[in-house]
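Take a look at this one chain, the form predicted alone, written out in structure tokens.
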Amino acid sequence: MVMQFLLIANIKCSGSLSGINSGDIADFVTYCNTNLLKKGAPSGGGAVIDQWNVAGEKIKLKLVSDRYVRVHDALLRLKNELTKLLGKHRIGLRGVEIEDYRILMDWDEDWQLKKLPFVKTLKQERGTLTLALDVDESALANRIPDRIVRLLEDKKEAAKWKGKSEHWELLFESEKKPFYFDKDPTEEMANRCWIRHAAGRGQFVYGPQITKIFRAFERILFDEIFTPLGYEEMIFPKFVSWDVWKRSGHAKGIYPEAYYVCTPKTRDPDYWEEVIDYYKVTNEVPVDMIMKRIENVGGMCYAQCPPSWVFLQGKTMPDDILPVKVFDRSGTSHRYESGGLHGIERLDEFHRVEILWMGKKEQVIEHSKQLRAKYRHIFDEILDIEWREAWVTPWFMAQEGKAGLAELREVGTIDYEGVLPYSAKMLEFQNVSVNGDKYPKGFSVKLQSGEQLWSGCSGVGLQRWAAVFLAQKGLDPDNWSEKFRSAVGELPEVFRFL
């Protein structure tokens, strides 16, 4: 990608520059253009001071560069050297005003960019993208221009990925199995009062019968996975702070799907008196008034394993405890499924058992194979369902524009999909993910030997398992396999309604 950077800046000094020999400043500019602003760049590359002018207490500079020694880096370099020159005259630097900052680059994409952070205007024409940045000295020090360029590169890669199919690859299909049901199990459970829509969006109250089925799924996990493979139970937080999502990578794209958590700015009753009085008078909750009195601190659990890494954050573990295998089944996860709600298989609030393991690279990959074998046994021999297995790009690769890269195939996700006879569609109901060193790096977790720690996770969605199983086998236990009927036991009849 061909790029050009242009920066016009005014360097403010602590005193008049009239007493400094103009030849000294000219020599300084020559030194910058031939040496200082070329360091680290290939021959012919780097930055250059294209124009300069001294007036009163300011030095005005126009810098131009290619992608090497970009103009903001060039400005920071010459500031340090300029301090030495002006120091001989007992003049200091007071700061920098950014008058204009533009980035020009090749852009042959046929899709239009919208607003970008720190960009005042953007123009796409004749194969060129021109950005006018709204930045100050602090933004340059924080390398905001570099991050904008990287954002654009990510957007281009993501656009390429959206048009490709190699992010899904079939690995295995089970034998055909008999189906005993052709209805939507959610509707049938609602008719039988096994479930009922709750007050919240995408949320159900689960009656005793389906709850007992969920618990049977969990017992199967204990009998087939947790006990034989040596797992231990933990309890992971269900509120997730922004710091966790920044470290886990979710902060790059979680915003349209997050359930946000806010806290009161204060518990002072006087601060909330107006809200309380309004409700007492109107019997209406004054949401607009409340929104002015709260502040966002994070969100509800979106994926269960990220907040658990705080337990290990900044720690060094001995190699001899590896592999570590833990699971969490302590609460709900929440995702705003905009426009996609359907039955118990696509919800805003759902119950999931999160399986997490960590170790050296070969240990994590080997354990993922063991888990896959266990799932195959459960789905074939206990649930007796029809399913398939596919390699897919994990969320963080897709988010970062790395979908389908062959060199990253050791890191990836295996999805399990089951057919829904009533719709002839496939539903993803299980996964096994090898996440590589993503989480250990994000949370600064190390091994005593210095080798890189890897991790994997697998989320068992109880509603998703039920959606596939009941869609194929129905709600009549006589059509279930003997092994699963034994795991469930008798379905209780607790409630009756007139």
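Position 1 is the first residue in the sequence shown; the rest follow in order. All figures in this text were calculated on a predicted structure; none of them were measured in a lab.
Keep in mind the form predicted together with a small molecule is missing from the figure; the text below concerns it.
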Residue contact check: residue 247 to the small molecule in the model of the complex, 4.5 Å heavy atom: no
Any non-hydrogen atom of residue 74 within 4.5 angstroms of the small molecule in the model of the complex: no
The small molecule contact in the model of the complex: residue 459, any heavy atom under 4.5 Å: yes
4.5 angstroms heavy atom contact with the small molecule in the model of the complex for residue 473: no
Option touching the small molecule, based on a heavy atom within 4.5 Å in the model of the complex, out of 173, 224, 428, 233: 428
Listed residue (309, 350, 181, 375) with a non-hydrogen atom within 4.5 angstroms of the small molecule in the model of the complex: 350
In the model of the complex, segment of 52-60, 36-44, 444-452, 429-437 with a heavy atom within 4.5 Å of the small molecule: 429-437
